[in-house]
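Only one chain is shown below, in structure tokens, and it's the form predicted alone.
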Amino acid sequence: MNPFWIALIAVIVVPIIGGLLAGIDRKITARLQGRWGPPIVQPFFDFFKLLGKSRIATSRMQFVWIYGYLVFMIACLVFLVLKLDILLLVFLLGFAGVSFALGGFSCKSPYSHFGANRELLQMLSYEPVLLLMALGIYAQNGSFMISEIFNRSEPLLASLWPIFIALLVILTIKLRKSPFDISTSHHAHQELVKGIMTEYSGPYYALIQLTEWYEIVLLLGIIALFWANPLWVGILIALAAFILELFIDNIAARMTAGWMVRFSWAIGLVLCVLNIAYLYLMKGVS
């Protein structure tokens, strides 16, 4: 199929999948807390309700950055579905996170600034692990191209399982789940104020939700790359990781930002560095 049509279909279909995953998140969370919970399609009702609200602007630059957040996230998705360079995908994901944080700094609210500072701390925790993940894939395949991952007969998980564990650790941070829901939380069981999102409302808050739906599917897609052939196995692994994150979110208390950085670096960076060093050592021996 023409790459343009593949990208277009992904841009249209992925938010639907992401919205359904957000609905499943709410449902499972409610059941774990002894509640019935909203219907799985409730995120879509909320999304269209937000689109119908008034446009209230506290800062023009805030909305420029939030559109940047959405555009960079869609660009990451296009890189994934077209099987392009995973290192550039990681850089684009970093630009998306920076845009989101700058949106928080663009208004005068101290709550928003506080959340933006925490968002930057989260980036400090997960970005080095994502970069080392890309380097680990290069060390194994000799290429940053995602298409080369699909050409492998052996899954990446067999040789990159330490990096996979590190990726699961930072998945908790990227999905903003406990114990690492530092800058904001998707559920009221941790904090009622949503920090960096405090000054967003109406259609602009809907844009953030839409971007998060893209991000959920993108992150699970990266998880699925570790068993890309056959892909359905990778998708099952990604869904299992998603359910695991929901359980962790409901049984863990929120930690401090400093503890998050130390934990992700102590576990994630060490696992990635050891994995990459082992790969190069084995290649040197052979």
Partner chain sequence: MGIIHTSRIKSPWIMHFDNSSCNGCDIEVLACLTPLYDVERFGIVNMGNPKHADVLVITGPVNRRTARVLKNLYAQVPDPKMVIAVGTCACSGGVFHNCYNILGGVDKVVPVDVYVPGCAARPEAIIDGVVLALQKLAQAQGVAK
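Everything numeric here is computed off the predicted structure, so don't read it as measured data. Positions refer to the first chain, counted from 1.
Omitted from view is the form predicted together with its partner chain, to which the following refers.
- The contact with its partner chain in the model of the complex, taken as any heavy atom within 4.5 Å, belongs to Met197 out of Met197, Leu93, Ile74, Ile146.
- Contact with its partner chain in the model of the complex, defined as any heavy atom within 4.5 Å, is confined among 238-246, 43-51, 256-264, 219-227 to 43-51.
- Of the heavy atoms in Gly37, some are within 4.5 Å of its partner chain in the model of the complex.
- With a 4.5 Å cutoff on heavy atoms, Ile56 counts as touching its partner chain in the model of the complex.
- Not displayed here, its partner chain is approached by Ser201 to within 4.5 Å at the level of heavy atoms in the model of the complex.
- Among residues of the shown chain, Asn141 is not one whose heavy atoms approach its partner chain to within 4.5 Å in the model of the complex.
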